[in-house]
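Just one chain is shown here, as structure tokens, and it is the form predicted on its own.
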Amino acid sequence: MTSILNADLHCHSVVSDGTLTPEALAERAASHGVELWALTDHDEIGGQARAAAAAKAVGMRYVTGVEISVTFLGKTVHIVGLGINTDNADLCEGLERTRGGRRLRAQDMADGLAKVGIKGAFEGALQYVSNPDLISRTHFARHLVETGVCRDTNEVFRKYLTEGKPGFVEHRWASLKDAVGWITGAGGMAVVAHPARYKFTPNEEYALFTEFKGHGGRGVEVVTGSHSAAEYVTYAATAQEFGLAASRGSDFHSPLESHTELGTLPYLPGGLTPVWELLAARIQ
């Protein structure tokens, strides 16, 4: 397999904060020409067997995945794990611990929203959650759009759910060392997801990639739904600087919310090592 491959290795289902089932996602990915697919739900691997079976049913290659929430330099960073053994005990236990604080955090978020006149947000958000342990800001955003508080989820985040706003509550996630360790211990490859989104300073970003690689991290998302064309170039250079493989994924959550459709991203830039070359033995 070369870099000219329609791989989509980052998306979310109803098992975390997406709106489609793993089966519907597989069908949608295949219909948009995806050749290699991974479901990467937040801190949860409960949809993996369904996703793999659905991919097989539509004739699409599949690699297991997860997206783990990490706290680094006071910010939430996401680390994608690809090619993981979903039966690995350390990984499963680590993900369970990471999920554990979400419900408490959600209740604190609802309290903050109530103080500015938005009542019942916790119960409203729960209506959009298939697993209450995975309640997130996205579920609150959907509730606030549905009830007419905001026009769309972007407005919700801007007004209520980002740092300094009434519904924002920090959460202490896994450490970078733990997340990379769980992934590699489960036979997978750790990948820094959408690095441009974190808005780190150059020194902070250098620290992130240095520590990530030091713990055994091996990849970075170069082409992803939230990156601009200029950022594709920036993180292609980062991949080369740190000797990391390059990944590609839409970060698709919902037909109505996601700006980037499954399988519609440009191909990886040339001169990079695609993650799928290193994952060949783990692809189903």
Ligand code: AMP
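What you see is a predicted model, and the numbers here were worked out from it, not measured in a lab. Residue numbers run from 1 along the displayed sequence.
Another form, the form predicted in complex with the named molecule, is not on view; read the next lines as being about it.
A.B. asks: Which pick from N154, T71, Q107, T147 sits with a heavy atom within 4.5 Å of the named molecule in the predicted bound form?
C.D. replies: Contact with the named molecule in the predicted bound form is made by N154 alone.
A.B. asks: Which residue, H227, H253, H215, R61, has a heavy atom that falls within 4.5 Å of the named molecule in the predicted bound form?
C.D. replies: Flagged contact: H253.
A.B. asks: Pick the stretch from 84 to 92, 176 to 184, 132 to 140, 203 to 211 whose residues have a heavy atom within 4.5 Å of the named molecule in the predicted bound form.
C.D. replies: Careful reading of the contacts points to 132 to 140.
A.B. asks: Quick one: is H42 in contact with the named molecule in the predicted bound form, heavy atoms, 4.5 Å cut-off?
C.D. replies: So H42 counts as contacting the named molecule.
A.B. asks: Could you confirm whether R197 comes within 4.5 Å of the named molecule in the predicted bound form, counting heavy atoms only?
C.D. replies: R197: contacts the named molecule in the predicted bound form.
A.B. asks: Determine whether any heavy atom of R99 comes within 4.5 Å of a heavy atom of the named molecule in the predicted bound form, and answer yes or no.
C.D. replies: So R99 does not count as contacting the named molecule.
A.B. asks: Going by the named molecule in the predicted bound form, which residues of 58 to 89 come within 4.5 Å of it through any heavy atom?
C.D. replies: Residue within 4.5 Å: H78 only.
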